[in-house]
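Next comes just one chain, in structure tokens: the form predicted on its own.
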Amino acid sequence: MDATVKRKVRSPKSARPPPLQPVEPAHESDGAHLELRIWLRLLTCATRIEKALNARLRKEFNTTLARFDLLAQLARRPDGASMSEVSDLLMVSNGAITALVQKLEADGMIHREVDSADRRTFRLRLSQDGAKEFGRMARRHEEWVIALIGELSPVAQSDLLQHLTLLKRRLDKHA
């Protein structure tokens, strides 16, 4: 009695199908929409720049970026601005402005005057000392921004500004 041994025939390695490769997403990273990635990158860059500027303002001038921004708005308006105008310009609540104004007023950087057109409201203005100190801060702020963004080539800076300007115009239509 002959026993027949059946063996499994192995196919050569070259005949094996290649291992499955992961399907590439339409975009890099985790496949998120490009628009979402752009938004997140813009947010990240803005946050990092703000943190750097805030840290430098605190270290060199013992102030914050929020106070600097309020002073900048008043520096552009020699006739002053109401609390509501400043809150609109800075895109924050009136309550947030109140705390900033109190601190800056206590430090002698700004003063309030009764509005001659509407006695119920106050106009905020830079004091002489505030204007002088803001000038010093503004020069340093400009140097810091140039240092942070200046690592991009002039062409890259120009392209970025052009694209962001276009984006802002489109966003303004949705506001």
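Quick note: we count residues from 1 along the sequence shown, nothing fancier. It should be emphasised that the depicted structure is a prediction, and the values quoted were computed from it without experimental measurement.
Only in words, not in the display: the form predicted together with the DNA, which the text now covers.
- With the partner omitted here, the residue from Ala117, Ala46, Ile146, Ala106 that has a non-hydrogen atom within 4.5 angstroms of the DNA in the model of the complex is Ala117.
- Among heavy atoms of Pro78, none comes within 4.5 Å of the DNA in the model of the complex.
- Although the partner is absent here, Ala66 lies within 4.5 Å of the DNA in the model of the complex, judged by heavy atoms.
- Although the partner is absent here, Met83 lies within 4.5 Å of the DNA in the model of the complex, judged by heavy atoms.
- Contact check for Ala72: every heavy atom lies farther than 4.5 Å from the DNA in the model of the complex.
- Using a 4.5 angstroms heavy atom cutoff to the DNA in the model of the complex, all of Ala96, Gln102 and Arg112 count as contacting.
- The partner is not drawn, yet in the model of the complex one stretch among 37-45, 57-65, 127-135, 146-154 has residues with heavy atoms inside 4.5 Å of the DNA: 57-65.
- For the partner-free chain shown, nothing in 139-175 comes within 4.5 angstroms of the DNA in the model of the complex, judged by any non-hydrogen atom.
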